[in-house]
Ligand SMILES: Cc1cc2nc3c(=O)[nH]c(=O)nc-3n(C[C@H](O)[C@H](O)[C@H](O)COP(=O)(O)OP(=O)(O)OC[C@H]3O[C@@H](n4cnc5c(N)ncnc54)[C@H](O)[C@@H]3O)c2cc1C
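Encoded as C-alpha cells, the following chain is the form predicted on its own, with no partner shown.
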Amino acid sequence: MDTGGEIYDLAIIGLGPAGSTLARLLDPGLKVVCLDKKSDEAKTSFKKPCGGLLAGDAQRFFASFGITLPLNVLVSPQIFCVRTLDVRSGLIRHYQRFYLNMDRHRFDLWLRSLIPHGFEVLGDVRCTQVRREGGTFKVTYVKGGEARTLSARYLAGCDGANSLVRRSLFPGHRIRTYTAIQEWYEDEHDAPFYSCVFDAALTDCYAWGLTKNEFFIFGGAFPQKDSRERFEKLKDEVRRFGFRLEHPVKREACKVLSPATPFEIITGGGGAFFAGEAAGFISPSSLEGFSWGFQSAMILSEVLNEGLKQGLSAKALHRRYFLRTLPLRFKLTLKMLKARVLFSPLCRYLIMRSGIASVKLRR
C-alpha cells in the first residue's frame, strides 16, 4: 500500500535520543514523518537493550534547554560511585561518577512525547526497505501486518547501530561493531551498586553490572565472534568477586558500535543524513551514546532549518552538516585515544594500581 502522492519534506527513521531530539528541534513548518519501532504498550513493545544511565554531558544538554526529567523516568537507586574491577589483576577501585539511573524505555517514550504535534509520528512500525527513486526516498514499513510505502525528499537515519538506512544506502561503509549482551536477575546483593568490569582475555571492551529497582543487570560488549561463550565465561569469572548471577529472568542482545577511527563516522550524502549511533557518534571508551545523539541531532536540525529555508541543495546541506560536526569528530577522536589507554591491560593496571582519582570507601 502506498500513501499516495503525498511527499514529506523529511522522514526520520528511529525515535531514540537522536531521532526524537531532531524532530523536536525542527521547524514546525516542515512536513515531517517519524517512524519508530516502539509502542506505548510496554509488554509487547520493542525495547532497546541498554544500561539506562544518563551521563553528565547528556544532563548538560537538557540543562541548556531548561528541560527537566519527569519522575517516572527515574528508577532506584541513584548511585554516585562506580566499582571498577580488573579481573586479570584482581584490582578493584571506586570512582565518583554522576549518572542518573533511568528506565530506558520510559525515557525514550518521554523523548518522543516532546515531538511537536504537527509532525506525523508512526509508532509500533518496522521499516523493511529504504531506496532512492525518482528524486525522492521511498520508505517501506509494516504496521499491523500491512506493508505501506511513503515518500520523502530527505531522510534522517537515527536508527542505531544496525541502521537499515546506512546498510541500504551505504552498504560498503563499516564501523567497528561489538555484540552487547546483558541479563536481568532478581537482585540478591547485600547493597546496590554499579560496577565496570574489564577482562582482557574475553573482550577488548568492557562489561557492566547495575542495580535497577529490584533487579540487577549484568552485561558486556564482546567481539562478535563467540560473543555468547565469552559472556558466559565472564559470568563465571566475576562470581568469585561477589557477583550473584543465578537464574536470569531475561536476556537481551544487540549490536553496539565503537568507532576505531574518525573516518568510520558517516554523516550521510545524497539527501540522507545520519545522527546518533547510526552515524557512529558514540563514545568508544564508555559506549555512552545519549549525549552524542543529542548533539548531532541538534546540529542536524540547525542545518536543515537554515538550509531548507535558503533553498540549499542536498550536497550543500550535507557539506554544512559535515563541517558543523567536525568538533564532535574531534571530541570523539580524543575518546578513541582514551579508549586505547583504558583498554590496554598494562595502562589500566598502572592507573588502578596508583589509585589516582579513586575514592576510598569508608566502612
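Predicted, not measured: the structure shown is a model, and the values here were computed from it. Numbering starts at 1 and follows the sequence shown.
Omitted from view is the form predicted in complex with the named molecule, to which the following refers.
In the predicted bound form, the named molecule stays beyond 4.5 Å of every heavy atom belonging to G307. Contact check for K335: no non-hydrogen atom falls within 4.5 Å of the named molecule in the predicted bound form. By the criterion of a heavy atom within 4.5 Å, G276 is counted among the residues contacting the named molecule in the predicted bound form. With a 4.5 Å cutoff on heavy atoms, I175 does not count as touching the named molecule in the predicted bound form; it lies far away. Contact with the named molecule, judged by heavy atoms within 4.5 Å in the predicted bound form, is confined among 125 to 133, 225 to 233, 83 to 91, 143 to 151 to 125 to 133. Judged against the named molecule in the predicted bound form with a 4.5 angstroms heavy atom cut-off, the residues G14, K38 and R104 are in contact without exception. Distance criterion of 4.5 Å from any heavy atom to the named molecule in the predicted bound form singles out A180 from the list V238, A272, L202, A180. A heavy atom within 4.5 Å of the named molecule in the predicted bound form is found for one listed residue only; from V121, C254, C196, L74, this is C254.
Contact residues in stretch 49 to 74 (any heavy atom within 4.5 Å of the named molecule, taken in the predicted bound form) are P49, C50, G51, G52, L53.
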